[in-house]
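Only one chain comes next, encoded as structure tokens, the form predicted alone.
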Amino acid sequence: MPGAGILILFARRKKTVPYTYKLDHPQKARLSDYDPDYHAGMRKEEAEEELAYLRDELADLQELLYGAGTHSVLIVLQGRDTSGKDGTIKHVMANINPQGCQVTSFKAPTPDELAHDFLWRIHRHTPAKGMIGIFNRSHYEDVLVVRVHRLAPESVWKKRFDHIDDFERMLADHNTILIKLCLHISKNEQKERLLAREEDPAKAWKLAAGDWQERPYWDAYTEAYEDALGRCASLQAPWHIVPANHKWFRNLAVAHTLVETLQPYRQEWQSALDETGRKALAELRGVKARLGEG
């Protein structure tokens, strides 16, 4: 059963506002409707205390997922430069067993990848049963950066919305739990983070001229994100827009979303583990009896 702290936290959450903005059906999405500075009226200290409980619960759920082997979990992280994709993975997944988790970062496609359909390189990295897969950027780059920089004609990238929907539906039909997270920051917050990297020697390795070169395309990316969020939101693969101006709240919102999505499977996974344990114990007793070791 979940820890008492988690039960209390979730009981409290039902009486208050949610941490993320969830889109679970096709609709017209406008990022301006969602405040990236939102923090649910919480204090940082309160959020960090809750995050600690959620990380423990997430680790427990991962163990059940791994042992049951009936489902896989695919976490899709999208967001503009500096929105915190790396930081989210580091802080939210801190208690996860690395044996059961795989992170894949999708950068510019290689010549070999470009020689195939756009989903070929993606499908190869989807998680197996029992595993958590995290995509740091994803198949959505092919309706974002490809669109903004006109790397393919509109007649090509527009069809990809339907391809993505079909792909995600197929994954869901094969017991992949999809959790898509869009880390939403403001243009001013991005600028502050880019400047902070220049001033902090410890963060200098993150510097990239391309980050500044992308800023003039802010509005074009906004339009592209809105279409991706609105066109590819569904019950089996909903989008969660995560307010990400406050890193501490971003981490909490993501952790809460993961736990809230996976908790309904807890009993099913536990039952599968119990059945596996009963069979293993019966087999062991049979072997010991044959060997006279009973």
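Worth saying up front: this structure is predicted, and the values here are computed from it rather than measured. The first residue of the shown sequence is 1; numbering continues from there.
Heads up, the form predicted together with a further copy of the same chain isn't pictured, but that's what we're talking about next.
Proximity of residue 93 to a further copy of the same chain in the model of the complex: non-hydrogen atoms within 4.5 Å are present. Taking the partner from the other structure, a further copy of the same chain in the model of the complex has a heavy atom within 4.5 Å of a heavy atom of residue 191. A residue is said to contact a partner when one of its heavy atoms sits within 4.5 Å of a partner heavy atom; residue 216 meets this definition for a further copy of the same chain in the model of the complex. a further copy of the same chain is not drawn, but in the model of the complex it has a heavy atom within 4.5 Å of residue 277. Considering a further copy of the same chain in the model of the complex, the lone stretch of 157-165, 94-102, 177-185, 111-119 in range is 94-102 [heavy atom distance within 4.5 Å]. Interface residue among 74, 144, 171, 89, judged by heavy atoms within 4.5 Å of a further copy of the same chain in the model of the complex: 89. The partner is not shown here, but in the model of the complex the stretch 120-138 reaches within 4.5 angstroms of a further copy of the same chain through a heavy atom at 124, 136.
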